[in-house]
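The data below hold one chain only, encoded as structure tokens and taken in the form predicted on its own.
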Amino acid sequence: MENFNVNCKDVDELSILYLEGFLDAHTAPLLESEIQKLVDRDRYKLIVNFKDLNYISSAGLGVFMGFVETIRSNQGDIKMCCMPSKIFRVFDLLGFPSLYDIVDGEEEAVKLYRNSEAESSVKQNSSQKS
């Protein structure tokens, strides 16, 4: 059995999770625990970097589905990046690209947050003027 590891780095209001190894029913609780810790700290803007993930099972996919409602109800999101093609194919088969932003690079994911913040700021300013 391969190992699984998850590391987290906070960059301003963003939390970036780096997944590594084999994410299945045995290792999914570790990812669930890491995301729960972020939610407990009111950190709702997540980027998940899949660059070093070798395998994901339905249990691993389920972790993201289990948190997305809570995270989005707190003005956050889960953006995904750096997926190897074999991992992306699993997400694609299950329709995840219509539910989540999946981009090639981590910087793109950061930009998606920055762009949405800028749009929110513009909307707030225009609603205050009217």
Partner chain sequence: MASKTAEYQLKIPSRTDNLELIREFVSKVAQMVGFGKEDIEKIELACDEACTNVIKHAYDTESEKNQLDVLVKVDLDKFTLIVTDHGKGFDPKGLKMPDMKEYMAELKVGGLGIYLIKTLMDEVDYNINPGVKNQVKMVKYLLNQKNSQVVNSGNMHS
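None of the values given here were measured: they were computed from a predicted structure. Numbering follows the first chain given and starts at 1.
A second form of this protein, the form predicted together with its partner chain, is not displayed here; the remarks below concern that form.
Of the heavy atoms in residue 42, none are within 4.5 Å of its partner chain in the predicted complex. Taking the partner from elsewhere, residue 113 is found to have every heavy atom lying beyond 4.5 Å of its partner chain in the predicted complex. Put simply, residue 57 is close to its partner chain in the predicted complex: some heavy atom of it is within 4.5 Å. Remark: residue 68 counts among the residues lining its partner chain in the predicted complex, judged by a heavy atom distance of 4.5 Å or less. Site annotation in the predicted complex: the residue of 90, 38, 30, 103 reaching within 4.5 Å of its partner chain with a heavy atom is 90.
Residues 86, 89, 90, 93, 94, 95, 96, 99 are the members of 84-109 with a non-hydrogen atom no more than 4.5 angstroms from its partner chain in the predicted complex.
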